[in-house]
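Just the one chain here, the form predicted alone, laid out as structure tokens.
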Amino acid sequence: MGVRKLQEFLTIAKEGLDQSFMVAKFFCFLHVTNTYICSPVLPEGPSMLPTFSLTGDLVLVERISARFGKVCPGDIVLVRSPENPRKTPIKRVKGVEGDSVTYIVDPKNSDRRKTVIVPKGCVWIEGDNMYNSNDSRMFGAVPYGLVQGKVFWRIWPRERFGSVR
């Protein structure tokens, strides 16, 4: 009697352990995919209007291009903020190292322009909405190591589903 109950318990325990390992493997796969390959992101704020709406867009960010230095001017990237490392805004790359970038210093109050050369190992990022964007015009070129990934696909809203340019 006791041996049979012990065998039943061991069978149930083995099945539970097997299921736990399967769930753990799934979460490991999810973590690796999200950290190194691709992740969903919700763009927030007005800095990328009209490319992204104030709320409600859901985009995919692929992380491989940033790791291999394949980010070019015109790409939309996810960047770790140099001012607040807890934030990861989405901005457009305007220039990479060695590029000359001309920008309007204070678009709300004047048309005064300034030209800078992007330093080695950095990128120049700006929001599409120049009137309401905290970007390289405020804090300068961003080290390439802060680029987290490149936005490549819009998932939501469904009417705008597809590639992002």
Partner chain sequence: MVGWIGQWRSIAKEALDQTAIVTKFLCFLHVTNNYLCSSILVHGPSMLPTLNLTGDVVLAEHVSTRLGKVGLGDVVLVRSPENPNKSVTKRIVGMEGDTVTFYADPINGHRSKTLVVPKGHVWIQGDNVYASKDSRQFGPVPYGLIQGKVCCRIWPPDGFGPL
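Positions refer to the first chain, counted from 1. Between two forms, the rigid core is the largest collection of C-alphas that superpose within 1.5 Å. Because the structure is a prediction, the values reported are computed rather than measured.
Form predicted in complex with the partner chain: not shown, discussed below.
Mapping the unseen interface onto this chain, residue 16 falls outside it, with no heavy atom inside 4.5 Å of the partner chain in the predicted bound form. Not displayed here, the partner chain is kept clear of residue 108 by more than 4.5 Å at the level of heavy atoms in the predicted bound form.
When the partner chain is considered in the predicted bound form, residue 122 lines it closely, a heavy atom lying within 4.5 Å. In the predicted bound form, none of the heavy atoms of residue 157 sits within 4.5 Å of a heavy atom of the partner chain. Here the chain stands by itself, but in the predicted bound form one stretch of 130-138, 108-116, 30-38, 44-52, 30-38, has heavy atoms within 4.5 Å of the partner chain. Residues from 117-149 that approach the partner chain in the predicted bound form with a non-hydrogen atom closer than or equal to 4.5 Å are 120, 121, 122, 143, 144, 145, 146, in the order they occur in the chain.
Core-aligned CA deviation for residue 21 between the shown form and the other one: 2 Å or greater.
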